[in-house]
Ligand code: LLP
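For reference, the chain that follows is the form predicted alone, supplied as structure tokens.
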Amino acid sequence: MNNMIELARKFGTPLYLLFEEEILKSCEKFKNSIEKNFGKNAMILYASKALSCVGLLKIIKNQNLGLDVSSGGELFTAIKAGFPMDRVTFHGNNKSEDELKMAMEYSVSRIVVDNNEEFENLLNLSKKYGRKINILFRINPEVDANTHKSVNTGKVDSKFGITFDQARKNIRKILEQNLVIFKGFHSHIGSQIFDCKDFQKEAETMVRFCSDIKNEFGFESEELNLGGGFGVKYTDENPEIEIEDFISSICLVLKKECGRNKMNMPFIYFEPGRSIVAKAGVTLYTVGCVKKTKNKTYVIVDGSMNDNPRFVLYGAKYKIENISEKNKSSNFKEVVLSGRCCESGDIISDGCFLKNPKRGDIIAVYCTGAYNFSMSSNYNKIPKPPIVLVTKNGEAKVIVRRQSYEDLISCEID
């Protein structure tokens, strides 16, 4: 705690801290679970949308994980990090032609095709440039996971993925034209999922579909990507899930269904993002003022929804602490932790308990490694905070520098 206060003084606030040791622990949990249950027949792809910067991707690369990118920008970051392209999968539900060409140019391992228009575009590009690429079809498995509606991606009306019938038509076209290399299927049912039965249902649904495709076309899927979405404990309201238990239970379903349908186990991919980096992150703020109204007490900090938009988007909750207050008394106040933006909705927490908050105190918001920096903005022309990596050896180094005012207008033309 004292160390975080020192880091706040040294680097200023708002400040994103990222603890390497926590990232490594999460990577090891996933790798060990995969090895135990699948041997060499599975791979973890880090979902870089959770947090993507060169410094972090170098850590992920050195852990021998694969990578999931969902835009040209994320792919470019992976390239700059020296990430092996044979371990990169390209997602996205509306990839531009330039992004697809970029993926082909750098020979990414797999492109996950999300819709029929993209499939046709990919066929044309493959024909035009004479490049056969490996593809997976993203299927909408119609599994309505128990999670927030904004991060539920597998239900019937999701914007992601194609239907089972559309996939059949596209496979028929692949076999006729022979322009791309079809490897198998991808599905993803959402994020912050705590009930393993949702993943089990997804696995069962997808294996049965793979079996149907085998029976209909004589094609046995080599690969099956089951996405990510493992829940993370942000507060005591969330359970702590054991990754090993989840992976093991999913593996049992896969083996059972593959045996029942007389098919070989495909190579399996999982795509955790949040569950690798969320707990590794802490955001530090400095209290500017404490304002009392008739019914509420606002603790207003120098950060905002710019650096943490998740409450505004999802009503997200966090463990929050006044780390400057050393007094052991139970003098806690229920407050609204508010940001500095000119926006009534600029709230980080609408009901947290802080110990004796006052101007100058350092407030720590825990479990902010995922999606906070990724979703950050420059609303009100506020520069984005830096990311400081605390290495496993205790060294603190900047891996994303704080934006300057000059950065804010660097793309503007007068």
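Just so you know, these numbers come straight off a predicted model, no measurement behind them. A residue's number is simply how far along the shown sequence it sits, counting from 1.
One more form of this protein should be noted, the form predicted together with the ligand, which is absent from this view; the next part is about it.
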Should Arg274 be counted as a contact of the ligand in the predicted bound form, where contact means heavy atoms within 4.5 Å? yes
At 4.5 Å between heavy atoms, is Arg310 in contact with the ligand in the predicted bound form? yes
Under a 4.5 Å heavy atom criterion, is Gly303 part of the interface with the ligand in the predicted bound form? no
Does at least one non-hydrogen atom of Pro141 fall within 4.5 angstroms of the ligand in the predicted bound form? no
Sort through 191-199, 290-298, 122-130, 257-265 and report the only stretch with a non-hydrogen atom within 4.5 Å of the ligand in the predicted bound form. 191-199
Single option in Tyr269, Phe230, Phe182, Phe83 placed near the ligand in the predicted bound form, where near means a heavy atom within 4.5 Å: Phe230
Here the chain is shown alone; which of Ile44, Ala47, Leu56, Ile363 has a heavy atom within 4.5 Å of the ligand in the predicted bound form? Ala47
Residues Asp68, His186 and Tyr314 are flagged as a possible site; in the predicted bound form, is every one of them within 4.5 Å of the ligand by some non-hydrogen atom? yes
Across 342-378, the residues having a non-hydrogen atom within 4.5 Å of the ligand in the predicted bound form turn out to be Tyr371, Met375
